[in-house]
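A single chain comes next, written as structure tokens; it is the form predicted alone.
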């Protein structure tokens, strides 16, 4: 069990300062108070009041997604959600669930019998059983990158794919690229569909011809690059935009295997800006999602839904982070 003393040692401050930060004292700076709260959440600290408030419980359900390491996309999203919920004295449980579990257990029933007041869904695909059940749920629920039509109890939170993809295409066009490939993630995912449509729209807006054989749906893993990158390169693509950083890692490896230099021969852009992306041998240009803020935004949306605010969609703004994997096009 995490103690106030351990938080104080982590931050290099006194135990009394940590106590003040946890209890909202006015004689320490807002910045220090914020840092104490955020660190307490990251370390798993719970106040006595939270331990007693058994009815103040929220749940984060995770499907099809890793989240336990800082290099996983969901890690910081969960951290941000917990940091925001902590300030309102909510106890938050993170539960990985399988397709089998969803078939066996109904969402509303699980929520009721476990005393959860609301939930946040991470990593769910359109094939998950609970996604269909959300069409009629009355449980306050927030989905990351998934949308339920016409249910005021369910809100959508994400990052603006159109703005992010367009920034990436504009960057490539400014470098002279016109033969741009797009390697997306697996189908049956709303974020896959949104990013693909954003790519098509941005290419049209920039008057760049779309070559169907340079647009592919692979999987949300690095290995799928082997299935598509050789054909992209054979067709003369000068840049590859990827649906995630993890896909881009595979593209970097495959280009190296085939003898193509990045960025001299081929430019590569990812999406998400995972921690590893800045520390690769060739630092990855990528579309950043601020994952901690995305988690906090998800809690804000859930808090609104729990207070009868019928939120539909809330989007965070992305940011293009330019590093070493993109350069001016060189005719081959």
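Remember, predicted model here, so these are calculated numbers, not experimental data. Numbering follows the first chain given and starts at 1. Whichever C-alpha set is largest while still superposing within 1.5 Å between the two forms counts as the rigid core.
There is another form of this protein, the form predicted together with a further copy of the same chain, and it is not shown here; the text below is about that form.
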Residue within 4.5 Å of a further copy of the same chain in the predicted complex by heavy atom, from 14, 314, 23, 324, is 314
Since exactly one of 209, 187, 115, 152 fits, which has a heavy atom within 4.5 Å of a further copy of the same chain in the predicted complex? 152
Verify the contact flag for residue 265: yes if a non-hydrogen atom of it lies within 4.5 Å of a non-hydrogen atom of a further copy of the same chain in the predicted complex, no if not. no
4.5 angstroms heavy atom contact with a further copy of the same chain in the predicted complex for residue 288: no
Please check if residue 148 has a heavy atom lying within 4.5 Å of any heavy atom of a further copy of the same chain in the predicted complex. yes
Quick one: does residue 87 come within 4.5 Å of a further copy of the same chain in the predicted complex, counting heavy atoms only? yes
Among 27 to 35, 276 to 284, 65 to 73, 291 to 299, which stretch has residues whose heavy atoms lie within 4.5 Å of a further copy of the same chain in the predicted complex? 291 to 299
What residues of 283 to 309, in sequence order, lie within 4.5 Å of a further copy of the same chain in the predicted complex by heavy atom? 293, 296, 297, 300, 303, 304, 307, 308, 309
Does residue 196 move its CA by 2 angstroms or more between the shown form and the other one when the core is aligned? no
With both forms fitted on the core, check whether the Cα of residue 137 differs by 2 Å or more between the shown form and the other one. yes
